[in-house]
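We begin with a single chain expressed as structure tokens, specifically the form predicted alone.
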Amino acid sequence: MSSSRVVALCGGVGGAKLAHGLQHVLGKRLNVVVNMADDFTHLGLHISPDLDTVLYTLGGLNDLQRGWGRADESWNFMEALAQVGGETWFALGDRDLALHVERTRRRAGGERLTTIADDVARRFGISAKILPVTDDDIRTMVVTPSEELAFQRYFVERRCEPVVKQIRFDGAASARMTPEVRAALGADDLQLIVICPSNPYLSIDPILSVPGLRDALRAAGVPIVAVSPILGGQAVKGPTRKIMDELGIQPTTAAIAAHYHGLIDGLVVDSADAAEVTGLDVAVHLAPTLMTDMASKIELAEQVVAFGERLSMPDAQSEK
């Protein structure tokens, strides 16, 4: 796969970690298709949490201690905002604020999110191509027993406390896949599609909800490999386990395989969950999936790419 391209579907911190490793392995041959359904307007600014997590992570600017936002951040804006009675439930660091202000200004001038993201990625020294799945508005809504919450209200303001009864993606039916995403999935030299270990329900499903996206994945004619976000019955980051429990889904490798049934050709599962892969109807590769540093990101990325290469062979067999 030395000269071939790879497309990765990504959202959130866990997905961005693998995308970072894939960038190290593949460089400019990597295209990262990013969830945009977490976006919202706050304080008059267009905020793109998943996109910015990917940009900061692949640009080496992310805060490793907090796990989100920019490194070396300061909070003068938030302190001043509190003094004048503004909303402070969603923290915007001073460095982070610059990106939101500039994106909002450029969008008001008619620029596409894709164009803005590409320019920012270049300025951050990112070699991979960063592709919002759509330039149109999609918004994740969380249905609880008592109310419907916009995702950031649920995730940040309410700290994922309300019970999740349903998740929907407002605007998805009318959203359009960008020409850049369509071209990436239709490229002659595409050799592998990776579904990163992002939350399947909050980060990957909104990408898959864009009309034509699933069809484009299937039409690509290359192996599609997902990396399970579950390790020992738990999710490493975010509310994946909690949401699975509340939706009545067992937090198992089998549940992840079932969620992507009919779409993926292979599933990368943590070595600690080897006992769970028996009976799965998809090819499985066991590998350490916990990414704690750059070396572990690269190691997992190399294993994912090698697994995809093996699946592309005519006599590829399950690695269970």
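We number the residues from 1 along the sequence you see. Just so you know, these numbers come straight off a predicted model, no measurement behind them.
The form predicted in complex with a small molecule exists for this protein as well; it is not shown, and the discussion that follows is about that form.
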Worksheet item: Non-hydrogen atoms within 4.5 angstroms of the small molecule in the model of the complex: do 205, 252 and 260 all have one?
Response: no
Discussion item. Please tell me which of 77, 124, 90, 201 lies within 4.5 Å of the small molecule in the model of the complex, judged by heavy atoms.
Written reply: 90
Worksheet, complete the sentence: Residue within 4.5 Å of the small molecule in the model of the complex by heavy atom, from 139, 95, 106, 100, is 100
Worksheet entry | Any non-hydrogen atom of residue 12 within 4.5 angstroms of the small molecule in the model of the complex | yes
Worksheet item: Should residue 49 be counted as a contact of the small molecule in the model of the complex, where contact means heavy atoms within 4.5 Å?
Response: yes
Item to complete: Look up in the model of the complex whether residue 156 has a non-hydrogen atom within 4.5 angstroms of the small molecule, and give yes or no.
Response: yes
Worksheet item: Applying a 4.5 Å heavy atom distance criterion, does residue 276 contact the small molecule in the model of the complex?
Response: no
Discussion item. For the interface check, one of 148 to 156, 216 to 224, 180 to 188, 130 to 138 should have non-hydrogen atoms within 4.5 Å of the small molecule in the model of the complex; which one?
Written reply: 148 to 156
